[in-house]
Every structure is written in C-alpha cells, then in structure tokens.
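Have a look below at one chain only, the form predicted alone, in structure tokens format.
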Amino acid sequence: MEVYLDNSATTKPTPEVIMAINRAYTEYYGNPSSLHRKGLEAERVLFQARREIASAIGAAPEEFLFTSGGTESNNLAILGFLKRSRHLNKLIATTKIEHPSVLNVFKKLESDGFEVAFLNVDSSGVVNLDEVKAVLDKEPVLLSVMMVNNETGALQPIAEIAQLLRSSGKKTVFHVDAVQAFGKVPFQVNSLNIDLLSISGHKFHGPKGVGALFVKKGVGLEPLFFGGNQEAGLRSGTENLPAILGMNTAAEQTVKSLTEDIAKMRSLKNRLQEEIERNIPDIRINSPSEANCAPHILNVSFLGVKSEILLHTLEQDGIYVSSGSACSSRKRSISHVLQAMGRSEAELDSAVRFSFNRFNESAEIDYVVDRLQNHVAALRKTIMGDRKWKR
C-alpha cells in the first residue's frame, strides 16, 4: 500500500489538472501578448483564469497577478512594497514561525538596516495578540503573518489582527502568506483588512511553478525584475499559461467541495491523532487543539526516535511523511517553528509532520498507525534496549 501524507510539501495534480495543462500546450500555445488570433485566444483564457481564481478568494481580477509560486509571491509582496515605500519608517514586523520565504527576507532586510520586530508565539504556535497590538502602536510600515503554519497547522488570528489594524486606523500594510490555507481554510480577502496575500498552485493539487499574489487596489508595489511589463508591470515575462490553467482547474475543483473536504481531512487527522495517543506511549502532539488548527496537518514528536530515521523506515512500507518544512528538510536543521514554541531538544529531534489531502482514506490511517506502532517500538528498543524512555 502507498500512503502519501506529505501534502504540505506538495500535492498530486488531479487528472483534470493534467488535461487542462495539456490543452493549453496543444490549443492555447500562443503568447498572450501577441496581437494575432492565437495570441488573442491565449489572452482570453488567461483573463478567464485570472477572473475565476481571483473570485475564489473574493478579489477583483485587476487585484490578482500570477507568479512562479509562493516564494516569489512572498518576496514580491514584501520587497516590492518596501521598494515603493522608501520614504516611510523602517520598522517592519513578522512572526518567528514564518515560512523561510518570508523569514529569510526579513532577516536580510534586518541586515540591510531595517528595524524588524519578530513576534513570539505561545506553546501552541499561535502568535501573541498583545505583542501584535504593541508593535502596531509603533506603526510599522509592513506586517506579515501567515494564515496557517506549514509545520504544525497552527491557525493564526488573521481576522483579529485585521480588526486591530482597522480599529487602530494605522497605515500598516498587512501581508498574509496563505499558501497552506487555500483549499484548507475558507477565507475571502474582501471581508478582511488584508492588503497582500500569497498562494501557490501545487499545494492544492495544481502544478508546481505557479502561484499568485493578491494586491489590494491602492497598494503600490515595485517589480523585482524588469522586462515586457506583463502582469500590470509587476511580474514581467511571458505568462506560464499551461500552469495557470492547471492551477485554475485545481482551484475550481477545490472550491467546489471545500466544506466536505475540510470535514474529511479533519476527521482523518483526528483519527490518526487519537490512535497514536491510544497506541504509542511517550509522544508529544505539537499541533494545537482543533479550534486553532488547520484540518490537514498533524505534527507529533515520537520521543527517543530521530525523525529522519522514522521517516525513512516508514518509507520502506510505502508511507510518505515529513520531518518539517520541505524547503529546509534536505539540510540537517532544527525546526525554528518548534523552537519558537519552546519545545525541548528531544521533542525537536523526533518531530514528524503528517499532512492530508481530500483523497486520503480511513484505511490508510489504520495502516499508518499499525506501521508506526511497530516501528517506534522497534527503534526505541534498538536505541534504549530494555531501559524505559525518560522525558
């Protein structure tokens, strides 16, 4: 049996997505900037995709531009805005648990002379609203907070932060990394006080290499690179129409069954957590409680077992999981997210992330629990012998 539970890293494109990509290559192969019929056909389907995906998050088509993925969207949002805002103060803020495509940008900006407030999170991985309020009193030019943490699934209080901004009257621009949220958490940008928002196609069964950035009307950005002025001059380069049409199809499918899919993923996650807690001793659940957690991510520390060893042991049984963010998993590094949550060295060293998609089934969960139970016990015995594991 093959069980893929690394959906936070990437998801498998659906057959309909592959068909949309192939159709773009065979029918809509013209350059959308060309003036002849093939170019106009490509431009038409490009606009249609823009309108449909923008509508899925409550945005207008002119507020929505295509990028190569979440990393570019995050970089363009942060750096593009700050390049446009050189005359404003140099205080910017984010949290300690952001994805590297945000966190590393802020670290670089700090080394370039910006004053950066890195906000703390509590033991469940949720940002401290009192700290948010305190930093907003200083009126930072930019605040960036992810909607769903990619390692633990912790839901950040985006609506509450947006309300704080709205009621304070501050001019702080609010960027939200929603890469792990689209298709897992319902949201509409037009009902929130969000200025910039990033998504990525391959996180919801679309193709890799395509993403999007919502830019609220009136928010100014500078491009990061220059060329033919595509995407309102903010993202030059011929649009990747096959990937865009694939992402549009994936978004369409995702929105269509969102309520049912969320319920299914949450049920599978809860089942896995309950069975792990019932059958495997000496574990630590790192994901927060259901009310503060996305439906598709469960992070667990199996104390005494190195996560990398457990990951490869499970792989031999056809079970695919992760030890953390895919963007840093090839480097031996400690999770900055779990560190910010105050986890011990033993908990950091043994953390495994299980992440679900709408196609997973309960039989897969039973298989994973069975294999986990055996492997964790065997690995602990190999490491500890007959000694009892101590926290």
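Keep in mind that what you see is a predicted model, and the values were worked out from it rather than measured. In this text, residue numbers run from 1 along the sequence as written.
What comes next is about the form predicted in complex with a small molecule, which is not displayed.
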property	result
In the predicted bound form, S200 touching the small molecule (heavy atom, 4.5 Å)	yes
Interface membership of N193, the small molecule in the predicted bound form, 4.5 Å heavy atom rule	no
Partner contact for T254 in the predicted bound form: the small molecule, 4.5 angstroms, heavy atom	no
Partner contact for G30 in the predicted bound form: the small molecule, 4.5 angstroms, heavy atom	no
Stretch in contact in the predicted bound form with the small molecule, which is absent here, among 62 to 70, 334 to 342, 42 to 50, 358 to 366 (heavy atoms within 4.5 Å)	62 to 70
The single option of H99, R266, K216, R284 touching the small molecule in the predicted bound form, heavy atom within 4.5 Å	H99
Interface residue in the predicted bound form among S144, N150, T249, Q156, criterion: non-hydrogen atom within 4.5 angstroms of the small molecule	N150
